[in-house]
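Next up: a single chain in structure tokens, the form predicted on its own.
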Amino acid sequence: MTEIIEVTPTLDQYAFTFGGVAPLRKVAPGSVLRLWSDDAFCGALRSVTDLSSEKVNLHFVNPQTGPFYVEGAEPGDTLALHLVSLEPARDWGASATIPFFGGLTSTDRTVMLQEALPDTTWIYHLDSAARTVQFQARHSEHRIDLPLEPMLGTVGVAPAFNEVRSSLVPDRFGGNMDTPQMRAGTTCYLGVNVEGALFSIGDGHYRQGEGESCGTAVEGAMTTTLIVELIKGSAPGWPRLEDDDHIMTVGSSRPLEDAWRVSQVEMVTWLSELYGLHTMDAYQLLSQISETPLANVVDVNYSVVTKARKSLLPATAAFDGLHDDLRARAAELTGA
């Protein structure tokens, strides 16, 4: 039977940056980890009377579980993390409008002469049997049951050049990408920048719309089971994702169109690698098949995903078919 390494960090073990944190433990390629992670607010918002301005320290949000030192990982390698399962660890999640934060308000970077939107908290109650979370309006009696769709907001490695980046930031190293594509059944490929890779995960969302408009999803504690693998060399320039139906790239930058450009160029590069296409041919092909969901438009950098549907492409095996192998291993773990 496969050993599963279980880690539940204590409060003093939470990491709030990518880079600059000593590893929580070492793991070998092929390891299966079951990791508990707290919600983005460190559990501070538990009722609608809890306000972010009073309860949340914005210097300590998006707590990460990790980092984990992967044995044998060196700069230039590729870390593969396959998400086997994501299960809510509480029966409620929280969302909020935070003053001067979000996509539809002025912020410290997009400054306007206006008052902050009201500091407001919503609590979503989870029905585990029905697999739903319930939206309850604050200004009326409306209630709407929404499908439970767990995802991770943050998956990343230590950045290059000894940088230390906030767990609010998405960039080349991954980080706070906030894409709903980061869900069970997805394999995430990240370029290794430092010895051991030093990856961490966190920021569980019970569901989130594309773009994460107000800046917060249904934030919730999560239990994530994942498989760690290492590919020597072949480091991608930006995060790549793969599920059964798509290959995907994530670009993060500001303004939003530059994030889109990053993800598009990374996909052009990947298509060229997979099929031996000239860059211009890969560019033309992508122009006809690209799907580009927004991940987030609220973080320090914005994130955009470029997706290419596998059924539209000739059969090939990215990273020597690792995703399919990891899916088979995941099925053995879950009995699916």
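No experiment lies behind these values; they were computed from the predicted model shown. Residues carry their position along the shown sequence, with the first being 1.
Below, we refer to the form predicted together with a further copy of the same chain, which is not included among the displayed structures.
Not displayed here, a further copy of the same chain is approached by Ala137 to within 4.5 Å at the level of heavy atoms in the predicted bound form. Glu210 belongs to the set of residues with a heavy atom inside 4.5 Å of a further copy of the same chain in the predicted bound form. Though the partner is left out of this view, Leu256 does reach within 4.5 Å of a further copy of the same chain in the predicted bound form, counting heavy atoms only.
Contact check for Trp92: every heavy atom lies farther than 4.5 Å from a further copy of the same chain in the predicted bound form. Interface residue among Leu35, Ala308, Val61, Leu285, judged by heavy atoms within 4.5 Å of a further copy of the same chain in the predicted bound form: Leu285. Judged against a further copy of the same chain in the predicted bound form with a 4.5 angstroms heavy atom cut-off, the residues Asn176, Leu241 and Leu326 are out of contact without exception.
Only one of 23-31, 292-300, 41-49, 65-73 lies within 4.5 Å of a further copy of the same chain in the predicted bound form by heavy atoms, and it is 292-300.
Shown without its partner, the chain has Asp108, Arg109, Thr110, Val111, Met112, Leu113, Gln114, Glu115, Ala116, Leu117, Pro118, Thr120, Trp122, Tyr124, Phe135 in segment 107-136 as residues with a non-hydrogen atom within 4.5 angstroms of a further copy of the same chain in the predicted bound form.
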